[in-house]
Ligand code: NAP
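Okay, here we've got a single chain as structure tokens, the form predicted alone, with questions on binding and movement later.
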């Protein structure tokens, strides 16, 4: 018996059987671009294969140079490259897994001067205008896909995924938005679909009948002049007839202004679209986006929304996701919280991708938590992200660890973050570490402020004491509240609020203060997501709900508010602030706070004085490291390590904190 009978049910594809209904979706790590990094990629995939995933899909490999994402990026174009890929496929097969390579042609999303597309229309995410292909040029691209498929088989892959969504090359032919052609590859829906169908047909011919061929179909473009629902259905039926084994769901183009993968997107928010297509095709369909726990996946499959679920980032967070679900250990899953900080933000910055909650992701060959040769007694002070990572990793290696926390529960800044609307997923990380503490045998002391006498008896001490809110020198600031007072302690807040400080915490607090609870339909309405059977692309004008409060968001800097937020999440926060009518003021001088509100002026000459008549002032003006134990422990000769916010408090950075704690634990 299992709690997940649909999720763990094998899927018979005729010529092969997948052991369960879980597909590890494509995720570019940065190790795809050089053959010298394929050993790292092999170790990464092998760990996920051992973890029980049904079918792995690699990051995207271009079928030719024109389709590259950027100069010298990943491609599969030669026999030598195919031989290099055997390092990856052999590692997966030796660990009991199956793997498909994704063939991704960037089209106008390519970041190089040799890009090609259906029409010569520049995309908003690349500075290069593509060249419009001739008829012969289009056929050459189709040929390239077929050749890459043959090379994939030569390389030992079990299949391919053809990337036909997210606004990439094939998708650019499908939508009137980017296809202005009047020849046989444009003008009518049938002609626009022709390249997708030809690619599938030619790839099937190149692969033979016993090879998995996944087509990633954009079911909801979320851009103006995207596909209609009738066009989506017709495409699904035609790619099935052309030889596809599986249809995978793609949601949204990269240039869409609707969030699809950030943590504020409700879980399984788009599975209804896959469910709508499923009755129209006879091959398995896969649904995707914001499915991160087994119970969510099971519900999706039990409803009949899809035949499989696709997850990418959840396998960065926990390579044993499937195995833990199989063995009744779902409470041990390190859940993807969709923060994007170490994965997609890294990818778009051309850095190696990893995972905030699992820094071993992508670093399997270099960051190992091996059993210690000499067990030590180690004290960890502070049960925030850094301390939790350090304590549990040290205990996993065999050290005797005691964890001291002055508060009444673990979590630190995550205990605050989980209360922010759209960041509820952060509670999953706290749940994960709570279980890890139990499993690894860490001795936890809550409501216990460690002192030097207590810590002097340990072999080594890890100080992860975190931060305290910085209180700026503003006359009358004693009448204001800190973000901790408001978010964690529930201090009452009036209807008109001024938030001082517009960094990540200031933005979060503003969203906390303006948020109105929404169900899934309300969320879709607020972001303008609608039925593609009614509107091309499934996107319409957003309808924001009335905010809970009127909020002013202030910062001393004259730069744009939210400039330092993550690339893939910052625009979502900025759009949310605008939708809630938040008045954003920059270059502000804080003159004083009194019973009238906040007195401000602007610029170095303190011009345009103004009074913001508010009921409540909330200070989010940065943090200061808590380091009171550092010097006294050093004086007593105690070996001490300082990590997380106690080390650097310039801006809260859980990615650095968890990485620091894990890497320190690997060395003690």
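Note that the structure is a prediction, hence the values are computed from the model and not measured. Positions refer to the first chain, counted from 1.
What follows is about the form predicted in complex with this ligand, which we do not show.
Chemist: Could you tell me which stretch in 371-379, 497-505, 240-248, 267-275 has residues with non-hydrogen atoms within 4.5 Å of this ligand in the predicted complex?
Modeler: Stretch with heavy atoms near the partner: 497-505.
Chemist: When the contact criterion is heavy atoms within 4.5 Å, does residue 620 count as touching this ligand in the predicted complex?
Modeler: So residue 620 counts as contacting this ligand.
Chemist: Consider residue 458 of the chain shown here, and say whether it contacts this ligand in the predicted complex, taking contact as heavy atoms within 4.5 Å.
Modeler: So residue 458 does not count as contacting this ligand.
Chemist: Is residue 398 close enough to this ligand in the predicted complex to count, meaning some heavy atom within 4.5 Å?
Modeler: No, no contact at 4.5 Å.
Chemist: Please check if residue 552 has a heavy atom lying within 4.5 Å of any heavy atom of this ligand in the predicted complex.
Modeler: No, residue 552 stays farther than 4.5 Å from this ligand in the predicted complex.
Chemist: Considering 580, 193, 177, 573, which brings a non-hydrogen atom within 4.5 Å of this ligand in the predicted complex?
Modeler: Exactly one residue meets the criterion: 573.
Chemist: Of the options 323, 86, 93, 557, which one has a non-hydrogen atom that comes within 4.5 Å of this ligand in the predicted complex?
Modeler: Exactly one listed residue reaches within 4.5 Å, namely 557.
Chemist: Which residues, if any, of 416-438 lie within 4.5 Å of this ligand in the predicted complex when only heavy atoms count?
Modeler: Going through 416-438 in order - heavy atoms within 4.5 Å of this ligand in the predicted complex - there is one hit, 423.
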